[in-house]
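The form predicted on its own is given below as one chain in structure tokens.
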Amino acid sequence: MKTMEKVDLSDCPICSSLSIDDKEDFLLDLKCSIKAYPKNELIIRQGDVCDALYMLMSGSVKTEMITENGSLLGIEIIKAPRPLAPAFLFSDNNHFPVDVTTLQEVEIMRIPKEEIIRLMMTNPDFMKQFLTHNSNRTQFLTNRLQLLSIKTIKGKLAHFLLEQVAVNEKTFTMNRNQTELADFFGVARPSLARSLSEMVKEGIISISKKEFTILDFKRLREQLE
């Protein structure tokens, strides 16, 4: 429990409104455990029972899903501090829908379901943040399904790139390499590389290492048609 002294819960989306005066005392009173995992370790398997809230307190992980045809589909990269699949904690079918693999050394805080219920009963702001976060995750999954429904790789790229840029901006830093992006789209890496190369040659985008710039929004949106 002593390692928890370094944890700042206020940065976590479901804990930012916790009404606590002394975080150190709060953590010491919280019924939970923390475990460290090395890089590239599978820490949760798709189908494992979700009987506690798993909070990523440091490092980053990737989540992947094995589809019905046996292929591996990348879902997202999660950086601390974030809960892992919190909505499934209270599901009738409370099993993790994805594999979770560490991208670097991480620390996971495990909070039993009964403790989460206690926090909700004693802290309405926590319950509100928990529900809000789960609603936001539903929006993310809706966008993910929309992306997967697009048939062409260029269409998937266009959808993804348009989501990454902020309003009135056209440049962003890509947080995935080509292999991870191909897994995220559920396509072969060579096919993705070819589509990216074609979009660069067509003057739709430019790429400089991890920096992507949209040069022609109109033609990029046309890829969605």
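Values in this document were obtained by computation on a predicted structure and should not be read as measured data. Just count from 1 along the sequence shown to find any residue number.
There is also a form predicted together with the DNA; it is not shown, and the following applies to it.
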{"item": "The single option of 175, 179, 67, 171 touching the DNA in the model of the complex, heavy atom within 4.5 Å", "value": "179"}
{"item": "The DNA: the contacting residue among 153, 89, 100, 116 in the model of the complex [heavy atom, 4.5 Å]", "value": "153"}
{"item": "Options 158-166, 186-194, 58-66, 45-53; stretch whose heavy atom lies within 4.5 Å of the DNA in the model of the complex", "value": "186-194"}
{"item": "Heavy atom within 4.5 Å of the DNA in the model of the complex - qualifying residues of 199-215", "value": "209, 210"}
